[in-house]
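Listed next as structure tokens is one chain, alone, in the form predicted on its own.
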Amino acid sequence: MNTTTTAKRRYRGTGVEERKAERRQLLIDAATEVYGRNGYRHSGVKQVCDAAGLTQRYFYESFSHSDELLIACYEQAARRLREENANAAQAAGISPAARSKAMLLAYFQSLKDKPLIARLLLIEIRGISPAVDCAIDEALKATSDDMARMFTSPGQKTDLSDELLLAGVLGGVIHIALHWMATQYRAPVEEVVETAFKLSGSLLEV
């Protein structure tokens, strides 16, 4: 076979996959905003596609139904938030208390700065389907693992493997965030962080 022809086919194939990936990302980004603004239950495929600037046939190129797109939006948003939190904690040094406060500050500041993402992560995601609930559970487990890792000093032998305590602290932080959101972020973020730190402090004392 002619090597030029082979190269063209390979290039063409790569281009097709790249464009498909780009369209998928456009849908995820558009859906994140649409779901965050209007609510998942009040948003259809057409709304998402219109926001992405794509026809509906491209939706089914990447997703079989809306729940799959919601999961993709949630996983992307949760992963990015975890990365921001982890980076903030690592930049705070080796003190578990300092890392805890830095992680909490990054978390609550991000929720305030990105209210549509906050609504997607904490409000619109619950009670949709077992598959969505599974994605939530996996993200929460990853966050718990982050907390256990970040709240322990290098070489420290403190056991933070108590899953019940980790789940309780994380659940409490989430409920503080939900209350804060319901009050339109009325309290200063520093005050919210201090309140949440009282919970996370129980991990530091384990």
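Worth saying up front: this structure is predicted, and the values here are computed from it rather than measured. In this text, residue numbers run from 1 along the sequence as written.
Omitted here: the form predicted together with a further copy of the same chain. The next part is about that form.
- Of the stretches 58-66, 45-53, 176-184, 22-30, only 176-184 has residues with a heavy atom within 4.5 Å of a further copy of the same chain in the predicted complex.
- For the options A97, I128, A86, L116, the one in contact with a further copy of the same chain in the predicted complex, meaning a heavy atom within 4.5 Å, is I128.
- With a 4.5 Å cutoff on heavy atoms, M150 does not count as touching a further copy of the same chain in the predicted complex; it lies far away.
- In the predicted complex, a further copy of the same chain sits within 4.5 Å of a heavy atom of E163.
- Using a 4.5 Å cutoff between non-hydrogen atoms, V169 counts as a contact of a further copy of the same chain in the predicted complex.
- Heavy atoms of no residue among Q76, Q90 and A135 are located within 4.5 Å of a further copy of the same chain in the predicted complex.
- Along 44-67, no residue reaches a heavy atom to within 4.5 Å of a further copy of the same chain in the predicted complex.
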